[in-house]
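You are given structure tokens for the same protein chain in two forms, set apart as structure 1 and structure 2.
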Structure 1
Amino acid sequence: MRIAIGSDHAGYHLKVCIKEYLEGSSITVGDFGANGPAEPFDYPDAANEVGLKVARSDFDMGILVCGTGIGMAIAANKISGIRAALAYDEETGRLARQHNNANILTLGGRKTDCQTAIRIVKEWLSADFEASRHLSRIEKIRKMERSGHACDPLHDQPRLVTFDHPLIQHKVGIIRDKHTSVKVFRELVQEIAGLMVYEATRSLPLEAVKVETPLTTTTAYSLSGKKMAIVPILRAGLGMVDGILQLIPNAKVGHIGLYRDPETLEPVEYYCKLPGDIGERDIIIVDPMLATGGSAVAAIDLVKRRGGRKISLLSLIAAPEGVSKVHEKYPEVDIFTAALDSHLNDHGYIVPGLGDAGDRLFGTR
């Protein structure tokens, strides 16, 4: 059993006492601060550290202590996958596990003495989640997390994000223009993709890091090691990759090649090379046009079959038909687009659209 433990300054003494008890019980403890009671150490920083360690399974469970235990619970519960419960006696400690499957216990250093805290910890650690009727309730919490609208269950909807930023709209106007040259078209597609990726990466988790400025030591933030993969659908998707890599230079790039079977009109895979650890990465599938949605769904199918889990789709221009097709099968895939156009014509082209993005990128008309 590995337990991550953390406190703020107000919870420091109780944390030390709990840590001694855990280590005396042959439990592996990771201590993520505070380092003393005197210096202010903000509880959200400790909650973030410990919460991420538990959410990523670096540790099995976590214990967080602040003055009341309340701030730690509020902060840790912001992390997806964390169920942090404040307990103030043995019964609440046990129920936090039996009913709520709490993976983090929070305690109040100014409210609970050391012996009581140890009894609470013992109850919490030795109890088992009862599942049965409580399982569906935990599932509902997980669903709230996945929806991204935890405060409003009515909004458990597939997510389509369209960008109304003037810079993006201005550039989209230029690439729609049939007189725009291949060179300018190519440059603008990269630029728009780069701008869009800001929004697509908004929910990447951060972790607190200590940084020495020329003046003092402070807490700053760094991406918490979440790895990314960009997966262009060949060939037009290639036109967006460099723009994204300028912002996320460490992302790995996979490639998916699909063609349309002339008889069945279904997309057929002819190439697929993805990063070996695709299951651990946040994946952005990129294709400038989301038209019928056939290629996008086939690409998501492929990535999922190879173990991909957290997938979003980035398209410069989307048709409602394509958005519906993707979300019918994969409501959990967020779609980011710079423009949601009117419809598809009889040939499957987006109207008003911009023509064939591949031909316009590579000058192959």
Structure 2
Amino acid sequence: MRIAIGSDHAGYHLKVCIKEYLEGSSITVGDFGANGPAEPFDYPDAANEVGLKVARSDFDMGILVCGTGIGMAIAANKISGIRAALAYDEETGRLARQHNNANILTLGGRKTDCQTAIRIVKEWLSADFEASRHLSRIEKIRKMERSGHACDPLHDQPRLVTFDHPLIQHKVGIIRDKHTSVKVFRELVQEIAGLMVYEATRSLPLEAVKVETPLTTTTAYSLSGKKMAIVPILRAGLGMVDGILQLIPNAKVGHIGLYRDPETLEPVEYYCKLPGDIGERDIIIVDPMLATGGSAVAAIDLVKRRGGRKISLLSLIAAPEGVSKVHEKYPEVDIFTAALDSHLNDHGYIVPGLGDAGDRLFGTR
């Protein structure tokens, strides 16, 4: 488990106490905010940093400490996807998870001693979300966020998510190797795409449904009517589609064909076929390499002109230049990648990269 913990100056000592307990429990901890109790540190700054890291799945959960815990809760809850709860005893810590599925716990450094705080944290971490009647209430909060009545940090701060899961990183290492065969390369690209979309869709809303097991009737969960579309950029993007469809078999698939004009070096459309209800779907544009960003921006342009609204970009490897170009024009588009590499060379190839993904997928190198 990965936990981001942050504080202002008033919560510093309690933060240190909780951090020592978490690290002693073999939990990975990211420390943010105040570096000591003497120099003033504003609680909204710590709440913003920790909240964004949890919202972007850089960390699984977060803990925030200020003088009373109230300011941290208010500030963190301005971030879309965050459910921050102030706890002052073990019961409120437990219920914050069981009923509210709180992904950030806030505490008061001036109101809670170290041992009490540790007991609260233990209860919060060990509790499970009970869902059931609470699930519909959490979904109402999500709808409030999506409606625009709650603050969405992605409108102000573009989101780039780099997946560091060991399985993803292991497989990326193999496809980088120039000696990897076409067969293995193709299989691994599909596997990585599947692993990445598994992580990228963790915030999809659920609804409770009744099912009958061989023993009894119970409550289970189903995706809440979410429609999705996968749109590969031809030709290399095709290599990622099957891996994604194994996890989301009901997704519709569009196709975008682009080539680079030899004179202007700008992408030119030669094919575009999208689902007729593209405006109603969550769209994932896929391309193994996000290099200059030209093709990605052109693909997003095409999708938006045809009514697409909620768009994400999924690439195995990205260059900073491509990320900047996409977010300069479309800051609302989330970019998911398995590796953010160093730079582009003079020929527009990502370094260290893996070469031409299309050639390696289809054996034309």
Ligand code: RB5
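Being a predicted model, the structure only gives us computed values, none of them experimental. One-based numbering along structure 1's sequence throughout. The term rigid core refers to the maximal set of C-alpha atoms that superpose within 1.5 Å between the two forms.
Engineer: Which of these two, 1 or 2, is the form predicted on its own?
Structural biologist: Structure 2.
Engineer: Against the rigid core, is the Cα displacement of L314 between structure 1 and structure 2 at least 2 Å?
Structural biologist: No, its C-alpha moves less than 2 Å.
Engineer: After a rigid core superposition, would you say the CA of Y21 moves by 2 angstroms or more between structure 1 and structure 2, or not?
Structural biologist: Shift of 2 Å or more: yes.
Engineer: On a core-based superposition, does P214 travel 2 Å or more at its Cα between structure 1 and structure 2?
Structural biologist: For P214, whose C-alpha is compared between structure 1 and structure 2 after core superposition, the shift is 2 Å or more.
Engineer: Given the rigid core as reference frame, how large is the C-alpha shift of W124 between structure 1 and structure 2? Answer in angstrom.
Structural biologist: In the core superposition between structure 1 and structure 2, the C-alpha of W124 moves 37.0 Å.
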